[in-house]
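Before any questions on binding or motion, here is one chain by itself as structure tokens, the form predicted alone.
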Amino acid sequence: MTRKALLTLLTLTVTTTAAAQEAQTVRLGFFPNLTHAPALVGLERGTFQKALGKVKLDAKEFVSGTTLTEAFAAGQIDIAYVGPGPAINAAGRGMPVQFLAGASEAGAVLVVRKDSGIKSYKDLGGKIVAVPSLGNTQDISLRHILNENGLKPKADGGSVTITPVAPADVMAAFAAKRVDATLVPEPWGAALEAQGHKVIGSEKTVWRDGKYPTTVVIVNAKFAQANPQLVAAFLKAHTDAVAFINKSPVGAQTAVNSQLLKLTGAKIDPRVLQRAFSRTRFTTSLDLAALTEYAKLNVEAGYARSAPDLAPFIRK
């Protein structure tokens, strides 16, 4: 056998072996929220599956970052859309996590029941406030708001009761008067507002004038190392989904509404969805400065002892 033929054979062998080691399924985690619109659009339009080719996409819906990171820790998820709070906590706990891209910014509001008597943050004392789950991004943001206004959760000796309610269920919780307020991701904030409830904390007043990440894309570092081509293909599909949202907002709203109906059984009024979209920005950029500040809020909220250096967790 000639040297050239041998090199060709070796190349084919290495390529075949690498292909054989590539995953046959990509397990994706996401939430049925507008802040996860790139995921919803990618699923509705088939963008992800098309990019992955013959590799199967297994998309799994979660109600909060807390439950998603539990699945991530158990090795049940390869790539996920998740809030910065749980993602940072995962990094701090030593999980094999890498930040792959940004997805959305802002897009969460603090809404109070119209008969609650609450007119400002300071009026939250003695009230029951819902968040998607304890330890998630909105929970951490709420605890910062309380701290800034001289209030504390009951668990810390204060008067504010923080309770977990899935975003899609918060309208029922308001109707039954089980909660007085909620810090909730869109479109559920706009849906509550359409029912006459009041927004006392807009996406801009919640934190950093609205310039903060609400959803990021993370990947299991071990999966990324073993499947770089699949990760690159997914990242391109994610980028395409974000571009579609920004270039074709009407088409994006239709796609998001279709997915929300399939996932939650709730069809959002187009005018409500349009308002929710106006409060949310979609981007693939990762704001390391904002993430670093958010890591400090994790510590302030009592969910971490120290803020990790996040730079090593950003996938290059």
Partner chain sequence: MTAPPLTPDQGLQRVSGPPRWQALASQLLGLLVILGAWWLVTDVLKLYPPYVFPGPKAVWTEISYGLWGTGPQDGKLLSAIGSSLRRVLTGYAIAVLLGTIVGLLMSAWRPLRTTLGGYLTGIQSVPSIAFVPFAILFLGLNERAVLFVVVLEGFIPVALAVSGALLNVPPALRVAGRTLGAGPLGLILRVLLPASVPSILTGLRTAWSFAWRALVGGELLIAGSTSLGELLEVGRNTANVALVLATIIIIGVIGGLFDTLLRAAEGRVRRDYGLEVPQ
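Source: prediction; values computed, not measured. Positions refer to the first chain, counted from 1.
The same protein has a further form, the form predicted together with its partner chain, not shown here; the description that follows concerns it.
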Legend entry - The single option of E70, E61, D287, D269 touching its partner chain in the model of the complex, heavy atom within 4.5 Å: E70
Legend entry - Heavy atom within 4.5 Å of its partner chain in the model of the complex - residue from G126, G94, G196, P228: G94
Inset, instruction - Verify the flagged residues L134, K154 and G302 against its partner chain in the model of the complex: is each one within 4.5 Å by a non-hydrogen atom? - result: yes
Inset, instruction - Verify the contact flag for T161: yes if a non-hydrogen atom of it lies within 4.5 Å of a non-hydrogen atom of its partner chain in the model of the complex, no if not. - result: yes
Legend entry - 4.5 Å heavy atom contact, T47 to its partner chain in the model of the complex: no
Inset, instruction - Check whether V165 has any heavy atom within 4.5 Å of a heavy atom of its partner chain in the model of the complex, and answer yes or no. - result: yes
Legend entry - Exercise: Q98 in contact with its partner chain in the model of the complex, heavy atom 4.5 Å: no
Inset, instruction - Can you check 35-43, 255-263, 277-285, 61-69 and let me know which stretch has heavy atoms within 4.5 Å of its partner chain in the model of the complex? - result: 61-69
